[in-house]
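Only one chain is shown below, in structure tokens, and it's the form predicted alone.
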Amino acid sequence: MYGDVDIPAEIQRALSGFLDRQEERLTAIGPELAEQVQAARDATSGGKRLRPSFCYWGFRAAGGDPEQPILTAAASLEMLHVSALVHDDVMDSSDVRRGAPSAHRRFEALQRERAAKSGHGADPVGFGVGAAILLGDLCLIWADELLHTSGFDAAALARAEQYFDAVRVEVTAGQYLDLLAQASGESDMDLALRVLRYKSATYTIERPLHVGAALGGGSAELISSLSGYGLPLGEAFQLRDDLLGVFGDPAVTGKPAGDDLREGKRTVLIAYAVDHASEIQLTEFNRLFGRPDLDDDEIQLLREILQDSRAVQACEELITDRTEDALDALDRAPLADDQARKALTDLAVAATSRVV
């Protein structure tokens, strides 16, 4: 909890109430659709709630009245996040999300059970992918509906719409750049930095701040100053996430150890290592990186190359520099609420020094 409100609990309450209404709506079409709603319920449970938190404190930074339905509006960004995660897991063929089967694996298992009982039926793998794509699409639609039925007046929603539209375009563009980077089989620092910005930095911090500030009636000067804080902090956040994807504890992160190495994610960490590794290290790296059958010893060898090439140190230095830039910008920002300044400072630390 940051500041005077339990944001995760309030976001969960808003999401649960919204999905209750959606379940009535969908099961009226057919009881089979309860599977989609239940998958959405599970996918929206837990998580760090960073995007709604930044939205809420962007609203408070603009002098917004916390008695207004800001937390319901902020929940729309969590629903958008779930949409992106479901689609991301399909594209990456990820088996696990937050310590549980990813959505496509969940639907695959359901179809396998049905086929086993009936003795016939569609291919479970194909069904799982298709059902997960539809779940991601539903969550994207629901994100828009959540914002527009949150209870804000038309003027406030009109101010926020441009930023909500922007974040959906940017995260989709960033996702395509990420897909392209992996498909290329090459590590390019410029492309890795653009993925970092558009798949994560704008989407995780900058645009949620903008949506909240716009709902609160924030000035153009405030919106600009929040970019000065949000963009570098968002980049630091993703750099930390990339390190955790390689070195994180599975019991804490909820994902298998070294999953990003098996998937061949072309991050800034990897681009730096490729640029600075020795010829021998690079030969070993290219032999192993992106192989889905990597064993623990091979993952450890890749980790050592990342350490020895100073890629890890370089990312840690970037995290420190960008976090300092963000906090400097926050100090200068014309925030209307001192509690918002304190909460955003705490969030900066939590987002960049976390272990999950």
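All values reported here derive from a predicted model rather than from experimental measurement. Heads up: residue numbers just count along the shown sequence, starting at 1.
Another form, the form predicted in complex with another copy of the chain, is not on view; read the next lines as being about it.
Novice: Just to confirm, with a 4.5 Å cut-off on non-hydrogen atoms, which of V96, A257, A277, A173 contacts another copy of the chain in the predicted bound form?
Specialist: Looking at the other structure, the residue within range turns out to be A173.
Novice: Considering non-hydrogen atoms and a 4.5 Å limit, which listed residue (Y272, F285, Y203, F107) is close to another copy of the chain in the predicted bound form?
Specialist: Result of the distance check: F107.
Novice: Taking 4.5 angstroms as the cut-off for heavy atoms, does A100 touch another copy of the chain in the predicted bound form?
Specialist: Taking the distances in the predicted bound form, the answer for A100 is no, it never comes within 4.5 Å of another copy of the chain.
Novice: P31 versus another copy of the chain, in the predicted bound form: is there a non-hydrogen atom within 4.5 Å?
Specialist: Yes, P31 sits close enough to another copy of the chain in the predicted bound form that at least one of its heavy atoms falls within 4.5 Å.
Novice: Wondering, does K117 line up within 4.5 Å of another copy of the chain in the predicted bound form on heavy atoms?
Specialist: No - in the predicted bound form, heavy atoms of K117 and another copy of the chain never come within 4.5 Å of each other.
Novice: Report yes if any heavy atom of S309 sits within 4.5 Å of a heavy atom of another copy of the chain in the predicted bound form; otherwise report no.
Specialist: Close contact is absent here: in the predicted bound form, S309 is far from another copy of the chain, nothing within 4.5 Å, heavy atoms only.
Novice: Which is the contacting stretch out of 257-265, 69-77, 233-241, 154-162, given heavy atoms within 4.5 Å of another copy of the chain in the predicted bound form?
Specialist: Looking at the other structure, the answer is 154-162.
Novice: Could you tell me if all three of I133, I141 and L191 have a heavy atom no more than 4.5 Å from another copy of the chain in the predicted bound form?
Specialist: Checking in the predicted bound form: I133, I141 and L191 are all within 4.5 Å of another copy of the chain.
Novice: Which of the residues spanning 164-185 lie within 4.5 Å of another copy of the chain in the predicted bound form, based on heavy atoms?
Specialist: The stretch touches the partner through D165, A166, R168, V169, E170, T172, A173, Q175, Y176, L177, L179, L180, A183, S184, G185.
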